[in-house]
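First, one chain by itself in structure tokens, the form predicted on its own.
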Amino acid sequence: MRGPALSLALAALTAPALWAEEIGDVERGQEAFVLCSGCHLVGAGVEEFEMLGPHLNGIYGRRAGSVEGYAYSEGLDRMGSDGLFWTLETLDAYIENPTVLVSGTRMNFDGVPDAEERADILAYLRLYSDNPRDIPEAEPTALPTDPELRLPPEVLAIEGDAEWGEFLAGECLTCHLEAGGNEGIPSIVAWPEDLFVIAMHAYRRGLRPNPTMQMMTERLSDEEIAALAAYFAQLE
């Protein structure tokens, strides 16, 4: 094989690493993966080993909670049923702050606040995805249009009015039980206010996939979300 044909073949072989580096630095990502390696493995043959968390081979494009034989939390099972798939955007959100996407996740991990470090880890994981050749502009490895997940401090600083929240909570309580039951629907009673606010904004931005919650949160202002957070946080 010579000439243009050889050049194309070499380009095909080297493309995954080169394109992955457009997300972040693969070598740095491999080093940073030590943060994840206590629970997760990635690479050839790791499916045979049992870890606290599922293997991360083929993570891009995979439905959340879908590795056979692994006992996921109810929260992650629910999000997978709602239609959560792991893309560059949703993985970035999950690694930054797991509770943003999955309430009640068992992943005992505070998250990676540094955006560059997350990008490096995601570039490294992409080498072991089913479709590492996908360019970053294509799903499931499309670069996030709004990569900074963290809410502006002024949004988190809004002091919610619990009485107004009680008035607004009527629609919420048609599904979420005020007594705290969670049969099929997660309980939101006694949620810390900041986590409630972050989760609602994640629905509003489309990071959490439940269409009903997306529709509900699109109609709420920042102040209304804060008021609901204050109301549900005070319930026992």
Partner chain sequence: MELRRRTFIGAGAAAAATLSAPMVMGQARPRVVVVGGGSGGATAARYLAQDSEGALDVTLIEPQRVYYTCYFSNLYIGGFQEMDALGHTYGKLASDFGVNVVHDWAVGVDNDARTVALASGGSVPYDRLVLSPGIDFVDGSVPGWDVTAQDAMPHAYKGGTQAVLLKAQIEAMPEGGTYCMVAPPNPFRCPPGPYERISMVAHLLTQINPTAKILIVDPKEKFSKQGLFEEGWNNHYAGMVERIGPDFGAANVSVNPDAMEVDIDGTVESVDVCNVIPAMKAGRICEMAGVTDGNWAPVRPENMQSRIDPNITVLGDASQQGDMPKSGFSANSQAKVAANAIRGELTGSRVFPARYSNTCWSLISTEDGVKVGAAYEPADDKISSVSSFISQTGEDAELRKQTYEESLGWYEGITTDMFG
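Remember, predicted model here, so these are calculated numbers, not experimental data. Positions refer to the first chain, counted from 1.
Although not depicted, the form predicted in complex with its partner chain is the subject of the following passage.
- Every residue in the set Asn210, Met215 and Arg219 has a non-hydrogen atom no more than 4.5 Å from its partner chain in the model of the complex.
- Screening Leu195, Cys39, Leu168, Val42 for any heavy atom within 4.5 Å of its partner chain in the model of the complex leaves a single hit, Leu168.
- Contact with its partner chain in the model of the complex, judged by any heavy atom within 4.5 Å, is made by just one of Ala190, Val34, Ile185, Leu52: Ile185.
- Using a 4.5 angstroms limit between non-hydrogen atoms, Leu177 touches its partner chain in the model of the complex.
- Using a 4.5 angstroms limit between non-hydrogen atoms, Asn108 is distant from its partner chain in the model of the complex.
- None of the heavy atoms of Glu22 is located within 4.5 Å of its partner chain in the model of the complex.
- When contacts are judged by a 4.5 Å heavy atom cut-off, Phe85 counts as touching its partner chain in the model of the complex.
- You can rule out all but one of 121-129, 72-80, 152-160, 98-106: in the model of the complex, only 72-80 has residues with a heavy atom within 4.5 Å of its partner chain.
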